[in-house]
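Take a look at this single chain, the form predicted on its own, given in structure tokens.
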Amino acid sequence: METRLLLLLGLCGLGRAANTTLPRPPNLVLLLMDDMGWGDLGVFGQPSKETPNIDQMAAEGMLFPSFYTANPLCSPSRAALLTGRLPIRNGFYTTNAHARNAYTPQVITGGIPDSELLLPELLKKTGYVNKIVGKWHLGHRPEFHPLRHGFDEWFGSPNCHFGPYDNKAAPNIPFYRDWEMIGRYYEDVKIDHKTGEANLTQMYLQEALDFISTQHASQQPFFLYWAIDATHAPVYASREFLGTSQRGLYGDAVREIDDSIGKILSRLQKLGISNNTFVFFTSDNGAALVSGPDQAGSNGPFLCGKQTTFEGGMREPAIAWWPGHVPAGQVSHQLASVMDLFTTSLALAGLQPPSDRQIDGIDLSPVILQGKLIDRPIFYYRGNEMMAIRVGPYKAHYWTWSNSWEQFSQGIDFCPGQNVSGVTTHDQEEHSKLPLLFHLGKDPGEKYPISFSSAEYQSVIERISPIVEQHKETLLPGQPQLNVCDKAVMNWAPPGCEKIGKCLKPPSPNPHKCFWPH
């Protein structure tokens, strides 16, 4: 803890930036969806038009059609958002095999390192009260607890809501309030797999509303990280919303989320603090098409989905909303990333990012508040490999891979109905000498590679190559956190289990290399 405190106190950039003109720093609300696709919103063309509140949010704010995650999977994406750094830098990747997606299931021994500085830790230095509602997913062991990394309050779970388990081979996932567990999924927090009924989104909504009201009364700036998971399989919705969507259960979950977001924005308006609250809506990765059709969303015109570095796995719905500051009805074609939310939030709070490390996120406030465009690349990572890069409208693939033939033969398909010969490959194909190049404005589905012999190809690759070379030459990977698994570290006896009779006996330690199939 001493080292951590010195890091926090000694870093440049923890003082207020000199150019802020706001009378007090704005409240910050990040609405992070789970496996929600670009094509799930009415404003992006979803035919059912069942997201009126989110669509209204877009009409009142700024829409980002080219907004990206930092990784096509949950845990690395969240680590990137909260640190402003690529997963290859913050340790949320594996070196057990090449270009493998890895995350934080119960058996993982790693998590967010103490050396990483998270957004709430930095915001706390300028008086923010920080709350996470929903899924943490950056490690479930005590040293990775969100309240050890800058959050003041937590209501939610450290892992996905998988289960139910028998509490022998594996324990049911715990549910927390602040430091201690208050129950377990399927035992105390019910999810009915047969009907899809669960009241979780309503619980998460009430937590958000209560926190907003409490912090408004206390006159302290707040950061609310609302990381709900209803659209992650197994998908769920409350009884009021079950059977109400044209899209089935997944649509029911989306409709409930939309209703909840409408109520959160309405609460801000009724309290008279919407003009001093910056709200941003996005998702952690693309829709999980492998769970379709009943439990998956839509990635619109884009290729493939979650787990892949094709557009469907990496491009996310994104909306900025701040009445009186963000002009209504704007569409920005800025290339943007979840990592930018770290740097942008700090800037709005009057803070500079840490100067002792590489920060990949850029400050979007000139884009959001002044309509400017910033020239920057987007890197597409899968595990320890840079698979692709986007510069302007062009995307160059240096590696392609959907998933292995073995997985595909078992019915695991990340690109259902979307096979593109030579692109959605089931072997890891390297294209470093002649990258596959696409113009995403003309070809958002990545179906028509630009001819290697064309002048356009030569010109674009000449521009892209130095950017890739510089990135790779200056990259300092962090210590990988997702290499080692052990059943002994599962959620057998989380903090607080003894108070509610929920402690379970762990097996003997047996650390081993995690197996990541894709």
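None of the values given here were measured: they were computed from a predicted structure. One-based numbering along the sequence shown.
Not on display, but discussed next: the form predicted in complex with a further copy of the same chain.
4.5 Å heavy atom contact with a further copy of the same chain in the predicted complex for all of 166, 175 and 496:
No, because 166, 175 and 496 lack any heavy atom that approaches a further copy of the same chain to within 4.5 Å in the predicted complex.
Heavy atom to heavy atom, is residue 419 within 4.5 Å of a further copy of the same chain in the predicted complex?
Yes, residue 419 sits close enough to a further copy of the same chain in the predicted complex that at least one of its heavy atoms falls within 4.5 Å.
Any of the heavy atoms of residue 139 lying within 4.5 Å of a further copy of the same chain in the predicted complex?
Close contact is absent here: in the predicted complex, residue 139 is far from a further copy of the same chain, nothing within 4.5 Å, heavy atoms only.
Residue contact check: residue 198 to a further copy of the same chain in the predicted complex, 4.5 Å heavy atom
Judged by the heavy-atom cut-off of 4.5 Å, residue 198 is well away from a further copy of the same chain in the predicted complex.
With a 4.5 Å heavy atom cut-off, would you call residue 427 a contact of a further copy of the same chain in the predicted complex?
Answer no; every heavy atom of residue 427 is more than 4.5 Å from a further copy of the same chain in the predicted complex.
Scan 98, 239, 442, 270 and let me know which has any heavy atom within 4.5 Å of a further copy of the same chain in the predicted complex.
Of the listed residues, the single hit is 442.
Using heavy atoms only and a 4.5 Å cut-off, determine which of 302, 204, 103, 223 is in contact with a further copy of the same chain in the predicted complex.
Comparing distances to a further copy of the same chain in the predicted complex, the residue within 4.5 Å is 302.
Please identify, from 344-352, 184-192, 410-418, 277-285, the stretch that has a heavy atom within 4.5 Å of a further copy of the same chain in the predicted complex.
It is 410-418 that comes within 4.5 Å of the partner.
Could you list the residues in 268-301 that come within 4.5 Å of a further copy of the same chain in the predicted complex, counting only heavy atoms and keeping sequence order?
Stretch hits, in order: 289, 292, 293, 294, 300, 301.
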